[in-house]
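Here are two versions of the same chain, shown separately as structure tokens and labelled structure 1 and structure 2.
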Structure 1
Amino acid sequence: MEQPVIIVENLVKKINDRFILNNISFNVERREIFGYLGPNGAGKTTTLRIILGLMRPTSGKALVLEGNLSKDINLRRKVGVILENDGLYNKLTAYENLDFYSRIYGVSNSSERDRRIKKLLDLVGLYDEKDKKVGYYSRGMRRRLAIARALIHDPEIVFMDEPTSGLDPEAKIIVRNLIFQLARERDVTIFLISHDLDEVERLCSRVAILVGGRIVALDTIRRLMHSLERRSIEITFKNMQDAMEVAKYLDNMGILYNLRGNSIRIFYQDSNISRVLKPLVMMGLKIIDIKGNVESLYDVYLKIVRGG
């Protein structure tokens, strides 16, 4: 059996007697898109810093390709990183940015640099914009160029922290497709930190959910959703005001729900959902659509985080 490319074992980080990470363990397999989730302050960034060798743990270990990134310079060349700060220079063109980073990573042959740069610009759909200064790029274009920058040295693993944050829906789809393509066609392992649960559900095979410095769930998305499946019904109203009125009614009834825009997901334990729906019909609200049992990762995540 092939060795995992990332091994985190009994990792602890304490600051002033406070546990930032409390004995966490997980592995990431080669070519996997692994989601690392949790609310703000859960310890996701601390975990990433320790894995990347930017912070020392109190105890435990974090290995990448069986080595320690803080001690092995050559090992760092096998890893790419995309953080919220994209690391691009506004006064340089896209081509010049990638040329600069390829030199940093030791690609000394000019023809090889040119080949890699053009290939990556084509991959991320920016070849026709290669001579445009990055300061004039949209946010979506910058994120795509940041992915190219992270790949310029042909890494085996890429760590991505909120790669689609702040992007419009069209740009998100482009970046998602790029991430999927990297794993499936270029055999790159992706370690993905994201608050966009729709993105995670579409991309990741497995996820770990971190709450208060502890991993409270670690499994495939399919198994997590199956283990926490609960009967539910989603009602979409014509406007948000109607949905909010129903939310108040459900609060008074003590019924669990999730409100998202003009849609509301109602969770129920018994088969007699009519006792909930009948009063809604009597209220004369304009209902556009009704769907039953359409659990999403969003619902599972909320249950796990609230329980954890």
Structure 2
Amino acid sequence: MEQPVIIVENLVKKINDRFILNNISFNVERREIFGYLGPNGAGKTTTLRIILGLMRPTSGKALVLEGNLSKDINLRRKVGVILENDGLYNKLTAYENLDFYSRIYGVSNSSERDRRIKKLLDLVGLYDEKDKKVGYYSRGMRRRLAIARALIHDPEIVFMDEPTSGLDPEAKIIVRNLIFQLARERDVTIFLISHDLDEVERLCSRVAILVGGRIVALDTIRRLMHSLERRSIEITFKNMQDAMEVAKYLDNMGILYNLRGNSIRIFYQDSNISRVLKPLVMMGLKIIDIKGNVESLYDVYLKIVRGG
């Protein structure tokens, strides 16, 4: 079996006697889209910086393709990065930025460079703006260009620190599809730090959840979802009074719910759903929609992060 592409082992990072990272271990296999989640300040960016060789671990190790990015210059050609900052030069145009990066990543053939730059600009929807200075770009346009920049040298592994932050919904979909295609069709491995749980749920096979410098969950999304003991259904009523009446009823029954406008989300344990539903139907309320099993990664995440 092939060695994991990213190996992180017992990583500890102390700054001023404070543990920023506390014994972090995980592996990422080739072609995997690995989600790295956690609240602000949990240590996600710090982990990434250590993997990239920008910071030294206090102890433990982080290997990429069995090498160390801080020492092995040639290894860096196989890796693309989108950090929290876009890493773009404001006084250069989008085209010039990509040209510069493709040169320093060693794409030496000029027609090949031109082809790749134009293809990527087209892919992220910036082709028409390619001769505009990046300083005049909007935040979302910069982010898109940063994505193109990270892919310019056809990397085997791409590290992304919140790649879709600041993107409009349409651009988010474009980027998501791009990430998905990279992994599926080009065998690229992706390490994805993101706060967008919807995105992570759609893209990632496995995730790690980091809280306060410790990994508190590391598993496939499916298994994490399964570990949630509770289920929920969401019922939408024709009018709000009905929903409020149901809320009163649930209060009396001691059942957890979440009221939002004229729809109500009811949490139930195991198989007692009929106990809840039957009276609702008998009450003769006008139900216009019922959605079952509406758990998402969001629920898993909140449970894990809050539960500690």
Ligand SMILES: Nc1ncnc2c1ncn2[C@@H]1O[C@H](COP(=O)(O)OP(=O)(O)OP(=O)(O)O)[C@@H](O)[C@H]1O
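Predicted, not measured: the structure shown is a model, and the values here were computed from it. We call the rigid core the largest set of C-alpha positions that still match within 1.5 Å between the two forms. Numbering runs along the sequence of structure 1, starting at 1.
Between the two displayed forms of this chain, it is structure 1 that matches the form predicted on its own. Once both forms are fitted on their core, a CA shift of 2 Å or more is seen for K286 between structure 1 and structure 2. M55 is not among the residues whose C-alpha shifts by 2 Å or more between structure 1 and structure 2 once the rigid core is aligned; its shift stays under 2 Å. In a rigid-core overlay of the protein, A146 has its C-alpha displaced by at least 2 Å between structure 1 and structure 2. Core-aligned Cα shift between structure 1 and structure 2 at N85: this is 2.7 Å. The Cα position of M240 changes by 10.5 Å between structure 1 and structure 2 once both are aligned on the rigid core.
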